[in-house]
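We begin with a single chain expressed as structure tokens, specifically the form predicted on its own.
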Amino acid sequence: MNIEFTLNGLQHKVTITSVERAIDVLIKQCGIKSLAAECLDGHCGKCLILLDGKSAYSCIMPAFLLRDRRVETIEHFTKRHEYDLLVAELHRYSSQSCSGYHSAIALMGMMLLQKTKAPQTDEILDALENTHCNCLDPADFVAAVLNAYQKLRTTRKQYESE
């Protein structure tokens, strides 16, 4: 069956089978490199995508659910100023690096910076739970997101006043 969906801002048309998972389509047919099909049951979080702006585990999602939806992966954000700020703050606050979960952690941070006017601690912690990363101290993630948000807010005010 053929389906169409928007992936990282671009329209995609793919052919899928009824048993195919979203992660397989995104990796094999769309060339997404940031996803990993590691646990295949939604426990590790390395397959996280944003589906219409909300986090979803692509390894347990049937591919047909992508039809007519908006899908974003971390590749969508890597060229943005917000991404650079967030990654710098994650490096600043995190005492341990977690390369295996970097994409999922950064994606959840970008989701928060994109969808909320002022992220709150509880929603930041909820977003981190989706990654299932044990290397990152939740307080570090909260601090990094909040500090990135403050820097973005300051930058936006400077542009508005010019």
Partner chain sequence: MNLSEIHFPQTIPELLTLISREKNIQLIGGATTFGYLQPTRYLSFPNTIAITSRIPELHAIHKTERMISYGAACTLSELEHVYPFEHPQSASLLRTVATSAVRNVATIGGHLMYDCSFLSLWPLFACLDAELEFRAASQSHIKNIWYLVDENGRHCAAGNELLARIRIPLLSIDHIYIKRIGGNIFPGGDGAHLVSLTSVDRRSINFFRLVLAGARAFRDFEAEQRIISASHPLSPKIAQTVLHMYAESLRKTNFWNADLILPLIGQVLEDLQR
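Here the structure is a predicted model, which means the values were calculated and not measured. Numbering follows the first chain given and starts at 1.
Beyond what is shown, the protein has a form predicted together with the partner chain; the following relates to that form.
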**Request:** State the residue from A106, L136, A56, C30 whose non-hydrogen atoms include one within 4.5 Å of the partner chain in the model of the complex.
**Result:** A56
**Asked** So, V19, D24 and I60: all three within 4.5 Å of the partner chain in the model of the complex by heavy atoms, or not?
**Response** yes
**Message:** Just checking whether H132 would be counted as a contact of the partner chain in the model of the complex - the rule being heavy atoms within 4.5 angstroms.
**Reply:** yes
**the partner chain contact in the model of the complex: R69, any heavy atom under 4.5 Å** = yes
**Request:** Look up in the model of the complex whether K115 has a non-hydrogen atom within 4.5 angstroms of the partner chain, and give yes or no.
**Result:** no
**Message:** With a cut-off of 4.5 Å between heavy atoms, is L35 one of the residues that contacts the partner chain in the model of the complex?
**Reply:** no
